[in-house]
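Just one chain follows, in the form predicted alone, and it is written as structure tokens.
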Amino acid sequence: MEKFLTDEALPFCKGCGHHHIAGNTEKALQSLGMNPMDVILVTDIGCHGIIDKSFKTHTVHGLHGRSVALASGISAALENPDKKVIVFIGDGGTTIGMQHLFNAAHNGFNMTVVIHNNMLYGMTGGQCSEFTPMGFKTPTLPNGADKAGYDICKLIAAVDGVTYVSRLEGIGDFSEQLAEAFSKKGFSLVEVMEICPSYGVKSNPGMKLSNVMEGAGLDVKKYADTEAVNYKSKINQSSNVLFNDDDIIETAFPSKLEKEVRLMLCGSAGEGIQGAAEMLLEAGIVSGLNGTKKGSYPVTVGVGFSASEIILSSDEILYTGSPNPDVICVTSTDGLDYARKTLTSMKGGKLFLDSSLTAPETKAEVISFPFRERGGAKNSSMYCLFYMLTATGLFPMESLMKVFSESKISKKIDAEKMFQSLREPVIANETKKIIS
């Protein structure tokens, strides 16, 4: 028999029903004679989701409540009856992404959803979910829920397109019920009832799971068991390719770059870091180089740092990001804070730093210039970009000028005045640094 779980201890709290679901899933898949490489396990945020590393199957970990949506895409793309897509999701995630369950069931996507229903949000402190039964207490509802939770089995069983729906009590050996669900084609769902030992048991001392289920009218039974038509992806044979001849960037000014160069641009949100990075990338392509770009910024987007990692190479590049950059450009305090850890680990390379900032301890060569003073905050990253390229000669300046002149920003920045400003001497600590 193939093993689906590793030999390491499962990562759940002592007494958690998630142990039983994992163990019974192993047993069910073994009984069906499946191969771990034919199983795709999709999870999301929640205590159940930390099981990923314990399974030897393919695993995909998504955002809270989005595991069914991810699994739908996988199922639609696979269309392979020999592969099995299994979704592990909690009652909290089901609450957040409930519409995804209805859509997946209605479309008949080939998957089995196993809901770990411990009737609360177990990872974030025991808040109630939409599946918390009336009277059930949680840390945020010390007097108990004042209304009934959803009966997800009744709701999903009513969806046209569903194949199989059942509810069971997550105690003992229920591998046969899971195996039955796993063997079904189309959309199947099993709700496994549990009590969280950390929050459910402590908030409801002496309460038995069977009594909770009985009081809430959550029957252990099959709610649907039919033969459904599997989903079939509609392949559009008439659509055009995504790229055409107009999208090809012709080499205009060949670069002599012989090795891969990794760059990082760091500044503040709203100060043109991403635009400057895209311009640098396109200019590199105009020089005949391959390039990749990875942008980073906080969820607030308009405030805080903005950073972009770029790779340029004469060879094909198969990844994004430059954790060990050769060149870093920093134009603001936000950017310096973001780049500080990287700078301290650099063994060489160059740091182009706005002169208003103090460089941290680094083995990179520090080149200081008043980008913000000369270009203003909005244009500091563009000034830094031109300064850096002039100093390093990564590729011909004509490439950058070509891309710059065709961009919207060229109408806001006078290129001739910018170059003149960059050539003007900077007096600092009684020394002059002049870019030639």
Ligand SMILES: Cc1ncc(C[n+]2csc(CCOP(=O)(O)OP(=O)(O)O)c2C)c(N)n1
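Predicted, not measured: the structure shown is a model, and the values here were computed from it. Sequential numbering from 1, following the sequence displayed.
Just so it is clear, the following notes concern the form predicted together with this ligand, a form of the same protein that is not shown.
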Exercise. Using a 4.5 Å heavy atom cut-off, state whether I96 contacts this ligand in the predicted bound form.
Key: yes
Exercise. Answer yes if any heavy atom of Y164 is within 4.5 Å of a heavy atom of this ligand in the predicted bound form; otherwise answer no.
Key: no
Quiz item: At the 4.5 Å heavy atom threshold, is T124 in contact with this ligand in the predicted bound form?
Solution: yes
Quiz item: Does G90 reach this ligand in the predicted bound form, with heavy atoms at most 4.5 Å apart?
Solution: yes
Quiz item: Which pick from I45, L394, A69, V403 sits with a heavy atom within 4.5 Å of this ligand in the predicted bound form?
Solution: I45
Practice problem: Scan M264, M111, I273, L120 and let me know which has any heavy atom within 4.5 Å of this ligand in the predicted bound form. | Solution: L120
Quiz item: in the predicted bound form, which of the stretches 363-371, 380-388, 46-54, 29-37 has residues with heavy atoms within 4.5 Å of this ligand?
Solution: 46-54
